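Included below are C-alpha cells for two forms of one protein chain, each presented in isolation as structure 1 and structure 2.
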Structure 1
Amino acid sequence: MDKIYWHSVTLEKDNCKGCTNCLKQCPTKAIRIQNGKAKILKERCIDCGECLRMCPYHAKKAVTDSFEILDKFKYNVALTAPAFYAQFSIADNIDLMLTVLKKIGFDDVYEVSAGAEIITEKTKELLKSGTLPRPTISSACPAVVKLISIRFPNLIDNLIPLLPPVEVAAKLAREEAVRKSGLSESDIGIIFITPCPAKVTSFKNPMNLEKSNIDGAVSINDVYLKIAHKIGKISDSEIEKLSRSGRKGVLWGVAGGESEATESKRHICVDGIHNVIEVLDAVEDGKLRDIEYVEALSCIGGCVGGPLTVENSFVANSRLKRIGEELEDNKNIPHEDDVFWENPISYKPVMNLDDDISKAMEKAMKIEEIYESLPKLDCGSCGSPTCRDLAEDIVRGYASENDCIFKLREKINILARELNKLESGDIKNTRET
C-alpha cells in the first residue's frame, strides 16, 4: 500500500492573488489557478521550491520545524549541510560554524559532508564494478528522485541505489550520540539544518527507507539570525575542533562537487530543475550513452542555491569552494556497507485517468478531442499550464471549456451577433407595424 505523500511546500491561500507566476514555472505542472487562487496538485509536486522563489506575494511557504523542536529531546545533534557554511561572510573555518551551533542550543554536531564522503567511496566502488546501467544518475537530490518517479519511470533503474548523505550522516550521528551521552536512541534528536524543502519532505515521508534517521529539520533561514548574532562574539580559544570531513565531502554542497569526487572520467553535472528535465529527456532518448555518471541537482548552483538559504547562490558557491579548497582530502573515511535503499523507488503515475482501462481510453480520446478544439496558445490564462493540461483538467472535472478566455470570447461574440440579429429583427418588425 502506497504511503500518503506529505509535502513541505504548501499554499497560504489568503496571500495568493491568483497570478500565474508559479503556474508557468512549476516544472511538473503541479499548480492550477482555480476560483482566483492557486492550487497545488499533491501527486505532481516534487517540493523543488521553484514556486517559493517565483511567488511575489509569499503565498507559497515551506513547512519546517521551529527551533523549539530541541525541547522534545534530552540530547540534540545538529546535522549541517555544506551549504550552511557558505551563508556567512566571516565564517572562514568550519570549526567556528560548528562551535556556534553548540553555543545556540545543540549538544553536538555532525557534518553531512562526512556522510557524503562515505557515499562517494561506495559510488566509486559501484561504478568500477560495471554492474550499473549507464548513465548512472545520482540519487542525492530528493527533488530529482521524485521527478524521475513521476515523469521518467523508465529511468528509475538508472538511479544509483544509495541513501542520500544526510541519512547516512544521521544514522552515524545517532550512534555516536548514544555512545557519548549514554542515553537511549529515543532521547536523542537528530536535527537537520536544511537548505531546501525537498529534503524536509524526504525525511517526513521517505521514498527508499522504512523510517528516516532524522527527527526534525530547521531551515537555514530560520537559524541564520541566531548564528549571525553569535558568530562574531566567539574567541579563538572557544572554537572546538569538531570538523571531521575533508575537501571532497564539503564540495558536495556546490554543483559539480559530487561528480568530481567520484573520479568518473565521463560525467556531467546539471543543476536547475528545468535543465535537469532537459538532460533526463536526452537520457531517456538514448542520447547520453557515452556518459557514465550524471549529477542532477534541482537548485541552480547546487544546495548552496536552495530556496531556504539566505546568501546569494553565486556568492555562496564561491565562498564554499574557497572553504573547501583550503581543506585536505580525508584519509580516514569509515567503511559503511549499510548505505543502500531499503525500499526500491516505484513509479508514481500522475496520468492515471481511471482504474478501468476502457474508461481510461475513452477519457484519453476525449482529452485529444477537447485539445483539438482549443487555441493551443498555452497562455495559462485559464488556470492550467497548457491547453493540453486544460483538456485533461476538463475531463477530470477540474475545469470547463469556458475557462479558456478565447473559447469564452468566441461564445460571447456568437451570442452578441445573435442578440444583434434579434434586435435588428425587432426594430424591423416595429417599423413595419
Structure 2
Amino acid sequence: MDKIYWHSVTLEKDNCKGCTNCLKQCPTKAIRIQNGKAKILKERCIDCGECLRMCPYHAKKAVTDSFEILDKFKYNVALTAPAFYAQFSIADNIDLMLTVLKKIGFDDVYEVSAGAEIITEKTKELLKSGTLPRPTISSACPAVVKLISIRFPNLIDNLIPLLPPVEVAAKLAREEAVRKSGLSESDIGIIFITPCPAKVTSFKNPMNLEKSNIDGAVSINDVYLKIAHKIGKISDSEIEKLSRSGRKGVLWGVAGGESEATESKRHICVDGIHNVIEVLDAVEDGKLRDIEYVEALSCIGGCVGGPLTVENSFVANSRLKRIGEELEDNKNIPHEDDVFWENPISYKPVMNLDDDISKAMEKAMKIEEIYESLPKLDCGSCGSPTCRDLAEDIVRGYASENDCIFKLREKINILARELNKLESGDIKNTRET
C-alpha cells in the first residue's frame, strides 16, 4: 500500500447512493462521483471527516482498530482524550471514566491532557522567546496540519514545531508502563481512544515523526456501549485515583481551551474546517498581523465535536467545561524537552495543474474557456463539486463535457430538432411522390 496516502477516511461502496452531500462539503474538494459512486482523491484528503458527518447513508467510514487489538499485547494502556470524558452524562469525575477503562480490559490508563500540559508549557516558552513567525499556528490538530501542507505552503513555517499532546502522552505512557510492568517496550500496547479519523491517520502515517508511539486507535464510538454497560455498576469504593492532570490540560478538549492555556493575550481560536480555511487565507494575506497565536481546530467545538464521538457536541462541550473548571491547575507539570518534530513538514502541491508552469498556464486557459461554456449552477450532478471543478477535471482528463447534464440536454435538443426536421422533410417527400 502507498504509505504516504494511507487514510482513515474511506468509502463503503455498497452504501453509497452517489448523491452530492459529501461532494459539496469536502473542504479540499477531494471527492468526485464517478459511475454513481463517490471516490476520494487520496492525495487531497485531509481526514477531517466532514464527509462522515454529512453522509445520510453512512457510506463513509473511518478505519480504526477493533477492540481485539488489545490481544496483541501483554499490557495495554488506554490513552484518553478529554473529549472522551464528555461522552457520558454520568461522568462527573474523571477517575470514574478512567476506572471503567480498566474494567473493560485495559491494564492502565494515561491522560492525553497530561501531554497537553507539557505542550502548553513549551508553547508558552516558545512564544515568549519571540523566535517564531507571527502569528504562530497550533499544530495540535492533524487535519489542520495536513491542510496547511497541501494548501497553505507559506504557513508551514508558522506552525509551532511541537508534537501533538497525544504523542507526548503516548511516549510517557510507554515509559511508565515499562516501569510498572517490567515488560519490554514491544509487549506494551498504547491504545488511543480516538474522537477523530485524522488522528488515526497521523499515527499510521506520521507527518513529523519517524514512528508514532501509538500502537492502535479504537474509536470512542466503538467502545461507547462497552463502557455504557459497565459504568453504572461501578461503586464509589471501586473508583481508583488515576487522574493526574489539571484544569488547563483537560480544557484542551474544547475549542478555546488550548489558546487560553498558553496565556497569550493576542490569540484567536477558530473551529470548524471551513472557518479554519477562511482564517488561514487571512493569515496568508498578512491580515492578522496583530495576532500572536492561532488555535485552529477542524471540528466545531474542538475535539468534543470529533466525527467519531457519540454525544451531541454542544452537550459534550458544556459537560467538559464543567468537569474541567472544577479541577485545580496542575502545579507539578514535568519538564520535557523531547517534544519537537523529528521531521520538518514539506509542501505537497497536490492542486497543481502541471509541474511545468507554461503547460499549467495552457491548461488554466483551457479551463477558463470550458468554464465559460458551463451553466455555472454548481449543481454537482456531473460528479464534480462545482462547474469550475468540472472544467478542471475535463482538462485533467478525468471527466468529459457530456458529464454536465445541461450540456447534454442542449445536445439532445439539437439532435431532436434535427430529427424533427428530417422527419417532416421525409413526410413532404412522400407526399410529392
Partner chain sequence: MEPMKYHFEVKGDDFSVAGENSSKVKKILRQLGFDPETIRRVAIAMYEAEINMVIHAEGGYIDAEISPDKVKIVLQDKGPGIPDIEKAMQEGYSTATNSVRELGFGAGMGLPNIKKYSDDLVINTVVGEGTRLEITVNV
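Small disclaimer: the values here were computed from a predicted structure and weren't measured. Rigid core (definition): largest C-alpha set, two forms, superposition within 1.5 Å. By convention here, residues take numbers in order along the sequence of structure 1, the first being 1.
The form predicted alone appears here as structure 1. Core-aligned CA deviation for S400 between structure 1 and structure 2: less than 2 Å. Core-superposed comparison between structure 1 and structure 2: the CA of R417 exceeds or equals a 2 Å shift. Relative to the superposed rigid core, the position of the CA of K376 differs between structure 1 and structure 2 by 2 Å or more.
Superposed on the core, the two forms differ at M351, whose C-alpha moves 2.5 Å between structure 1 and structure 2.
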